[in-house]
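Starting off, we have a lone chain in the form predicted alone, written out as C-alpha cells.
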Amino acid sequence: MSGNWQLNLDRDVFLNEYWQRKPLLIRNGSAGFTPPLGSDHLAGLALEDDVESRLIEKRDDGWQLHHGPFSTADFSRDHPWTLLVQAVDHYFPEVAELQRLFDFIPRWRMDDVMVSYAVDGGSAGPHYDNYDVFLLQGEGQRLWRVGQHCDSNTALLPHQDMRLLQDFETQEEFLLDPGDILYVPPGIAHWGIAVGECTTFSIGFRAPTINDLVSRWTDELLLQTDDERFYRDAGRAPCTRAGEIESADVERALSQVRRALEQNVDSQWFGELVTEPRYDSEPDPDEQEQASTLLHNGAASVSLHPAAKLAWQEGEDEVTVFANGEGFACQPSALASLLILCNRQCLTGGTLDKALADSDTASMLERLIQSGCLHVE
C-alpha cells in the first residue's frame, strides 16, 4: 500500500457542506485501492488477549454480543455475524496509513481504525455514533442504510450491552464496493448489512464531550483563582425576614462568578484533553532507557508509536507539545522537526541528525520517549 494515495474528494466542499452536517458517498474513494488487511489476519488479531474485539450475532430472538479474545471455533456459527476489532492501526502499519487519506482533518481529532468482517447478512445492527466516521469498503460488498438524526432522547431497543435503535427510518441506501467510502457524521442513524463476505475499515474521529471541556477548563480556572477570594456583599440592604436568601443575593453571587469566569485561562488543558490515549500506553521503563541511550548513540530513525497522540500549539515565544495527555514547553527551534514528525511520523537520516544537533530539539525527543510516543531504532 502506498502512503501517497489521494482521496477522491474536494476537501473544501466537503468541510463546508458535509463535515458534521450530512452523509456523503464517495465512489472509488482512492484510486488503486487494495485492502491493507485480509479477513484471516483480522481473525488472528481477535484471538489475542490484549486486543479489543467483539462479535455480534443476529438470532431470531434478537441481537447477541460476545467479547473477545476469541477462538477459531467462535467463527463457526449458524446465524449471520460480524467481527469488529478496535485499533487495528496500532498493530498493522499498513492500516495506520489509511489515516493519511484524511490528513486535512487535524490529527488530534483522529481516534483509531476499527476493522470489521462479516459473513453474508452479518451486521452490527441499526445504531448511531457520537463521532464522525469514514466507512471504507475493503473486501466484498456491504449495503448501508442511512436514516434519521438521533440523540440521547432517541428510543433504543432493550439490550444490556448494545445501543440499537428501536425504530430505523431509511432515507438513503448505498451498496459499497471495494474502495468506496461512506462518510457518516455524528448522530446519523446507519445500518450496514454484508452482501456476501466482506470487510470494512472504519476510520473514526473522536471529540470530547462538552462536559469534559467544561470540567477541564474549570479545573484550570480554579488552579489560578485565589482561594482566599470570597463572596462580597458590601452595600447590601438590611434583611427583613430571618433566614431568607433574596434574589439580589443570588444575582450578586452570579455576577461575581461571571467576573471570575472572564479570567484568561491557559489553553494547555485543551491539548492535554484531546491527546489523552484511549488505550493503555504506559511505557516500559527498560524500553525507555534503551531508547534514550540509542537516541544519543547512533539511532538510525525515530518514529511515532502507532498509538501515540501528538499535537502542538504555538505561542509567542515557545511551542507547547502535547504527548499522550501531557503538555510541556519547548523552544521554537524544535518546531521544524516536530512538524516533520507529525506529518511523516518519523525522522531519519539528515532530518534526524539535524534534530539531534539542536539541544532543544533533542530534549523534546527525549520527552517524547518518556511519554511513550517514540520508537527508536
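The first residue of the shown sequence is 1; numbering continues from there. Fair warning: this is a prediction, and the values are worked out from it, not measured in the lab.
One more form of this protein should be noted, the form predicted in complex with a small molecule, which is absent from this view; the next part is about it.
*Heavy atom within 4.5 Å of the small molecule in the predicted complex: which of Arg216, His127, His90, Arg145 fits that? Just give me the one.*
Only one listed residue qualifies here, and that residue is His127.
_Selected contact from Val113, Ile181, Leu84, Cys150, since only one has a non-hydrogen atom within 4.5 angstroms of the small molecule in the predicted complex_ = Selected option: Leu84.
*Can you pick the stretch from 283-291, 236-244, 171-179, 199-207 whose heavy atoms fall within 4.5 Å of the small molecule in the predicted complex?*
Selected range: 199-207.
*So, in the predicted complex, is Leu135 in contact with the small molecule at a 4.5 angstroms heavy atom limit?*
Taking the distances in the predicted complex, the answer for Leu135 is yes, it comes within 4.5 Å of the small molecule.
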